[in-house]
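Quick setup: one chain, the form predicted alone, written in structure tokens, and binding and motion questions come after.
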């Protein structure tokens, strides 16, 4: 089998085309901005077309031409959308509601499928996490240390 590597600017427009045609598309998550709920190179996200978007939805957005992010909707003000990755402490991105390309309807992790519309566990996690922004830095550090075993270099020297 031959492997073809494409960057997001080449690959994701095709994904968006399939979603616009009404297909569900599954892609491997890349990057750590949605940690701890979506892990890079482990979890797959299922994208679908949305008829409307709501605060808390995880969406694929084109925030600049050819630059895509998979983040949660933090706020919607008229046609203006503010996005924030779950793994981001202070950074947000902004775009128009017309720049939202797809919504995540499922997450596939370790053989289990989480349906974001019906999973009470996912909804509970999402509700709590979106309200812990002041504590996020500490919670993410604990997650990296306890679950991922990633010890910061400055602590290794002690």
Partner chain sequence: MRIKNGFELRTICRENIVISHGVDNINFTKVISLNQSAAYLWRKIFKKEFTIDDMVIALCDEYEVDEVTARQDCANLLNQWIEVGFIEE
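Positions refer to the first chain, counted from 1. Not measured: the values here are computed from a predicted model.
What follows is about the form predicted together with the partner chain, which we do not show.
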Legend entry - Candidate spot 86, 114 and 127, all three touching the partner chain in the predicted complex (heavy atom, 4.5 Å): no
Inset, instruction - May I ask you to choose, among 133, 55, 28, 97, the residue with a heavy atom within 4.5 Å of the partner chain in the predicted complex? - result: 28
Inset, instruction - Tell me the stretch among 87 to 95, 114 to 122, 62 to 70, 42 to 50 that has any heavy atom within 4.5 angstroms of the partner chain in the predicted complex. - result: 42 to 50
Legend entry - Interface membership of residue 137, the partner chain in the predicted complex, 4.5 Å heavy atom rule: no
Legend entry - is_contact(residue 109, the partner chain) in the predicted complex, heavy atom dist at most 4.5 Å: no
Inset, instruction - Go through 69 to 103 residue by residue and record those having a heavy atom within 4.5 Å of the partner chain in the predicted complex; state none if no residue qualifies. - result: none
